[in-house]
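First, one chain by itself: the form predicted on its own, in structure tokens.
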């Protein structure tokens, strides 16, 4: 983490830009698979419901009766906007870099609305309920909902390219259609004043908790005392020793983690604290870790420490006698 305002020194709130990335592969099943493969061919399919209406995009079962639907119906690639909202300032995660609309479009021959992008070339005045729109296909068609690049007004000019399906290693089939759909979002983490005290302590090889109006010392501290709801204001430096009060043995490798399995993750009650600190236990076989075990922190080398939890490498046994479990009953 970095200081939010360097001129405030030790009182500045820490913040850090952060990207959350989730790699995800979607297996569609035969119904959604057939719909998406239709998009590769610039065709849109729905399923006929028991009341005669056509469900687009399709679902395998009737939304009213829950009975399975089997009759496929091809619908048009133009339709009517039934509701919409405007995005005046798109973020980097949005599909267009200019103002645009999101809306429900009921395609010709369909009964239900399809939610998608409506591109009026940035002109909000053109967006209206009841307006006629048509599909603008993407340049490269890959069997994904983004094969529909957007809906545009029916009088919009055609794009200056001919959409083409991407080449596949194997012939596509709806029953086994799948695609990668990673998700990423960027945001800024604000540590808050209480946690900023704690994180600066970690960078210096110290445990700093915060005492609240209830008298409890919290580490890592939240901004408020959980018992009173009032702000915690008093910084308290704690020793680097504590007691194992909960633990589990991890046997599955963690992506990006350098520690070999099995290893132990534990909740440690630092001496003088009233809340627990989670860390790894090393220096002892996992089978010998136990409740009440006395441990001491192993800090990262000074040059490697940051205002982050990676400054704590792990805890290892101190060699002291175990703590009486009767004294730890509220934490076990």
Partner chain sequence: MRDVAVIAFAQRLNEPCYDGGNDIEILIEPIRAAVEQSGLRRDQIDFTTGGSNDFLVGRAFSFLRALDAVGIHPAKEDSHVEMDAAWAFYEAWVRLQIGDIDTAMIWGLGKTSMGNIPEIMSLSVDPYYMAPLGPDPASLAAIQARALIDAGRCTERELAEIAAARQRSAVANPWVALEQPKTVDAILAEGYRASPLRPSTCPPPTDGAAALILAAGDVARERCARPAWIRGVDHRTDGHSLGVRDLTRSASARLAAERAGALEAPVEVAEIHAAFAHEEIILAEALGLGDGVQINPSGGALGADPIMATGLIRIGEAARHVLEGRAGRVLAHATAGPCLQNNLVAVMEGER
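Positions refer to the first chain, counted from 1. Treat the numbers as computed from the prediction; the structure is a model and nothing was measured.
What comes next is about the form predicted in complex with the partner chain, which does not appear here.
Of the candidate stretches 131-139, 79-87, 234-242, 160-168, only 79-87 has residues whose heavy atoms lie within 4.5 Å of the partner chain in the predicted complex. In summary, among the residues 145, 156, 73, 203, the only one with a non-hydrogen atom within 4.5 Å of the partner chain in the predicted complex is 145.
Checked against the partner chain in the predicted complex, the residues 172, 226, 122, 109 give one hit for a heavy atom within 4.5 Å, which is 226. The partner chain is not drawn, but in the predicted complex it has no heavy atom within 4.5 Å of residue 97.
The closest non-hydrogen atom of residue 38 lies beyond 4.5 Å of the partner chain in the predicted complex. For the chain shown alone, residue 260 is not a contact residue for the partner chain in the predicted complex, no non-hydrogen atom being within 4.5 angstroms. Within this chain, residue 191 lines the site of the partner chain in the predicted complex, having a heavy atom no more than 4.5 Å away. Contact annotation for 291-307: no residue has a non-hydrogen atom within 4.5 angstroms of the partner chain in the predicted complex.
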